[in-house]
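To begin, one chain is listed below as structure tokens, in the form predicted on its own.
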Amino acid sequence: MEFIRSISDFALPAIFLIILAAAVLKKVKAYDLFVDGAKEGIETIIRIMPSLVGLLVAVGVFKASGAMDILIYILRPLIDLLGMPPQVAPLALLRPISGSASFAFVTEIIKTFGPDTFEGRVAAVMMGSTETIFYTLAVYYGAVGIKNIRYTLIAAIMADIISIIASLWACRFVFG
């Protein structure tokens, strides 16, 4: 274990030095390219900021308004049919919208129920196998200026639904 730790301590500096050596050998102005890349990164952040702010405000309103509680109440028959612990249902609704809210929710589930309970395992597997769809669409499509997302949203939601069902199945039958 100490050997792996030693390697990991030197990995990042080694990669940095290899990149610099390659730049020197190819006679590339590494610093100028770095500055240009940083400038493009800041321009990208400015370009996607409105989408991110809108998304974060929508998540806050969704949670604070009680809409999530109403939606869970409406979906309760489906939640029971799937065998999903009711305590984990908000995670299934939050995860496509907000990664940080989902992470906080998973942390609370694990603190409350423990990591080796059905609720804790379902939350952990669900967190690892689903995606923050709307954040990802806002950031990546916003960064390149795509306005029409076409079938991406439908495909991503279908993938998340399959991941949620698979996480329930895995925790029920694999972990027992």
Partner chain sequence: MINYIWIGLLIIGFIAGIFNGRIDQVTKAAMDSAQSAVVVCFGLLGVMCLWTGLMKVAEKSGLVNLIGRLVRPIMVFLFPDIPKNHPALGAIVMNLVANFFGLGNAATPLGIKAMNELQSLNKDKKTATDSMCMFLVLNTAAIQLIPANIIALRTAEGAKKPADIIVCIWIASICATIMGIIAAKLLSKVWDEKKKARMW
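Treat the numbers as computed from the prediction; the structure is a model and nothing was measured. Throughout, rigid core stands for the largest set of C-alpha atoms superposing within 1.5 Å between the two forms. Positions refer to the first chain, counted from 1.
There is another form of the same protein, the form predicted in complex with its partner chain; it is not shown, and what comes next is about it.
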Margin query: Is it the case that residue 106, even though its partner is missing from this view, gets within 4.5 Å of its partner chain in the predicted bound form, heavy atoms only?
Written below: yes
Next item on the list: Would you check, heavy atoms only and a 4.5 Å threshold, whether residue 87 touches its partner chain in the predicted bound form?
Entry: no
Note to self: in the predicted bound form, is there a heavy atom of its partner chain that lies within 4.5 Å of any heavy atom of residue 79, even though the partner is absent here?
What the structure shows: no
Check: Taking its partner chain in the predicted bound form, which residues along 133-164 bring a heavy atom to within 4.5 Å of it?
Finding: 133, 136, 137, 139, 140, 141, 143, 144, 145, 146, 147, 148, 149, 150, 151, 152, 154, 155, 156, 158, 159, 162, 163
Check: After superposition on the rigid core, does the Cα atom of residue 132 shift by at least 2 Å between this form and the one not shown?
Finding: no
Check: Taking the rigid core as reference, does residue 161 move its C-alpha 2 Å or further between this form and the one not shown?
Finding: no
Next item on the list: Since the C-alpha distance between residue 110 and residue 65 changes by 3 Å or more in the predicted bound form, give its direction relative to the shown form: closer or farther.
Entry: closer
Margin query: Assuming the CA distance changes by 3 angstroms or more, are residue 48 and residue 150 closer together or farther apart in the predicted bound form compared with the shown structure?
Written below: farther
